[in-house]
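The chain below stands alone and is given as structure tokens, in the form predicted on its own.
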């Protein structure tokens, strides 16, 4: 199936791409990894002004959503540039608060999420056991069984990606409880998985692009390494994987609101994770040791691809979910 964005969706993606390019995101990532938040928070607000969070917040709360195709478009660009922060967690939290049906909580936080004035993160154990960047969040949420609680963060845990600061959390103030919490959390999880899958495809595509560019200019034995057949085959394999994953992500977005949505987001996440991880490995092989040096910008995306591989559920978790849905 061929998916084509309309003119407004393409313009949305192009606008975000330009904004992220001008923000010099690699420097923002390095600041974020060391706890310097100013540039990252400024980028968060700029992206909110451009509509990144509004696509997950309903119109009644000051947003424009839910618009899953636009969400995929936005997160593809976030993945291409490696923007730091709990973006997937924030849109998942928006879905959770909206579906919860508690006007007091939603009325306070949903407009702030849409406007970017509140950085919100979310833990959904066991699939999402940590609250990303809980130390920077104005609101950290934890679903604890049938309860929605304010999350109390512990000490930061090391991550494969230094800019993904993971915090174990314990339950604090109970904000809501009952069956509605579990139902809302399930919908929030699926939206977070979709956002993560789109990020992975964007990250993989960017890694493939920089690898192709490097292969055209890096010379070995008097020739650009991109002329060697083995290198060509590796890069072609990465492209095929990403091209198979991309329609699954867009197909999942189009399935939003149907009984197939949970199955389709799992299929998308499994394929996107494998494709982006393969692109990261090939990027490292093409670049050699320079591909993993801290000073070299593609190294940030290589580590991001590996961290997102298991974020919001590993490929094996999601393949099992697809099989269970088909068996049922």
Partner chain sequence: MDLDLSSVEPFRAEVRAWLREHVPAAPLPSLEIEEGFAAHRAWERELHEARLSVVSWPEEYGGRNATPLEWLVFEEEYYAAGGPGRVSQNGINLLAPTLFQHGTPEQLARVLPSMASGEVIWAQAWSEPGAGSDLASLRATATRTDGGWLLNGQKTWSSRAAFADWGFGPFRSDPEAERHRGLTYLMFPLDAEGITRRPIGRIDGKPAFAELFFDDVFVPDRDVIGEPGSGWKVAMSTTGNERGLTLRSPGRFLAAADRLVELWREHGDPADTAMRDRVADAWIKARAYRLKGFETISRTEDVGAESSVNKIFWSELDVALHETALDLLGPDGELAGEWLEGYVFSLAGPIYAGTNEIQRNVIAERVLGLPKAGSR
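Please read these numbers as outputs of a predicted model, since none were measured by experiment. Positions refer to the first chain, counted from 1.
The following text describes the form predicted in complex with its partner chain, which does not appear among the structures shown.
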Practice task
Please state whether every one of the three residues 126, 289 and 295 places a non-hydrogen atom within 4.5 angstroms of its partner chain in the model of the complex.
Solution key: yes
Practice task
Given that the partner is absent here, state which listed stretch (63-71, 275-283, 48-56, 33-41) has heavy atoms within 4.5 Å of its partner chain in the model of the complex.
Solution key: 275-283
Fill in the blank from the handout: Students should find that, of 183, 104, 158, 236, the residue having a non-hydrogen atom no more than 4.5 angstroms from its partner chain in the model of the complex is 158
Practice task
Taking 4.5 Å between heavy atoms as the contact cutoff, choose which of 87, 256, 109, 130 touches its partner chain in the model of the complex.
Solution key: 130
Exercise for the section: Using a 4.5 Å heavy atom cut-off, state whether residue 99 contacts its partner chain in the model of the complex. Expected result: no
Exercise for the section: Examine residue 303 and determine whether its closest non-hydrogen atom to its partner chain in the model of the complex is within 4.5 angstroms. Expected result: yes
Exercise for the section: Answer with yes or no whether residue 166 is in contact with its partner chain in the model of the complex, where contact means some heavy atom within 4.5 Å. Expected result: yes
Practice task
Please check if residue 218 has a heavy atom lying within 4.5 Å of any heavy atom of its partner chain in the model of the complex.
Solution key: yes
Practice task
Output the sequence-ordered list of residues from 14-33 with at least one heavy atom within 4.5 Å of its partner chain in the model of the complex.
Solution key: none
